[in-house]
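Take a look at this one chain, the form predicted alone, written out in structure tokens.
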């Protein structure tokens, strides 16, 4: 879906500085508790680097950790040997030819399938932004996400999809002085990518 040679063009700073807020909106960050099993005991930290005190009995019923830590979405339990194995899988020669979203999917699949690693999730949530995108993108075309804040343009993103792959990532900055005018941006898209249908999603937020 996301071409490994994707071209990122005209990412207008006034819009692109808000990218993280948009990602958090459509794909909220997952709160993870990482637990490393070592001979001398357990080392546990959250994704923010906060240390958590646990004893070995905590792993007798790993699913109980989700009850003990209600703010956590996912628990990952590792051994050092398993992490070495996992790292080797991620750096295998064949992965360098994969599209970006395929590689991300493989990262999570390999995490769950590596002996010595346990992953306990609270619920089914998007692991990365490309999962929600796949629900939006159903055919070749140009896809414009136009996000306003109290009526004023706050963020936009244009994805150009050909042969079922995202080939270009850009913003309305590619259209110069027209960048804040939705109707002109749509007309410019239809003119530049005349062979592709134009799809628009308009959202108003409170940022």
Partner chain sequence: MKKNVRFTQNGIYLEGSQSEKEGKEIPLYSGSIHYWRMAPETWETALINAKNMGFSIVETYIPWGVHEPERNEFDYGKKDPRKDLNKFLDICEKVGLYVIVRPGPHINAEMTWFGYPQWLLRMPEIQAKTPLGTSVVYPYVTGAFPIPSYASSKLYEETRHYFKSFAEILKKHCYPKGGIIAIQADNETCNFFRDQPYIMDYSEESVQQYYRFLEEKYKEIEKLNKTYHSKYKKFEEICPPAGYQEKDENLEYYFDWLEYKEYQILEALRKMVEILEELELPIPIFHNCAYQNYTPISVQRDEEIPGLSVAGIDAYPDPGDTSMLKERIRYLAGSSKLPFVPEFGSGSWFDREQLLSPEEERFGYLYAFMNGMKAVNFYMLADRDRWTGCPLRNDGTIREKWYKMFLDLLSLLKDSELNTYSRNARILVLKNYDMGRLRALVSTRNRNMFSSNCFIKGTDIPGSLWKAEAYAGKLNIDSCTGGYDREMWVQEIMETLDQNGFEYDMSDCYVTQEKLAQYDVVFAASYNFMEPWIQKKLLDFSRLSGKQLYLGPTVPEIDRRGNGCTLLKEESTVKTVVNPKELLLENLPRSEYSSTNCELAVYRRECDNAILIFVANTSEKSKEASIDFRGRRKFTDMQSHANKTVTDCLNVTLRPFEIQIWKVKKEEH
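Rigid core here is just the name for the largest C-alpha set that superposes within 1.5 Å across the two forms. Numbering follows the first chain given and starts at 1. Note that this is a predicted model, so its numbers are computed, not measured.
The protein also exists as the form predicted together with the partner chain; that form is not presented, and the subsequent description refers to it.
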Heavy atoms within 4.5 Å of the partner chain in the predicted complex: does residue 125 have any?
no
Would residue 68 count as a contact of the partner chain in the predicted complex, using a 4.5 angstroms cut-off between non-hydrogen atoms?
no
Please check if residue 197 has a heavy atom lying within 4.5 Å of any heavy atom of the partner chain in the predicted complex.
no
Non-hydrogen atom contact residue 174 with the partner chain in the predicted complex at 4.5 angstroms:
no
Looking at 54, 182, 36, 153, which has any heavy atom no more than 4.5 Å from the partner chain in the predicted complex?
36
Are all three residues 59, 115 and 118 in contact with the partner chain in the predicted complex, where contact means a non-hydrogen atom within 4.5 Å?
no
Residues of stretch 55-88 in contact with the partner chain in the predicted complex (4.5 Å, non-hydrogen atom)
76, 78, 80, 83, 84, 86, 87, 88
CA of residue 177, rigid core aligned, shift of 2 Å or more between this form and the one not shown:
yes
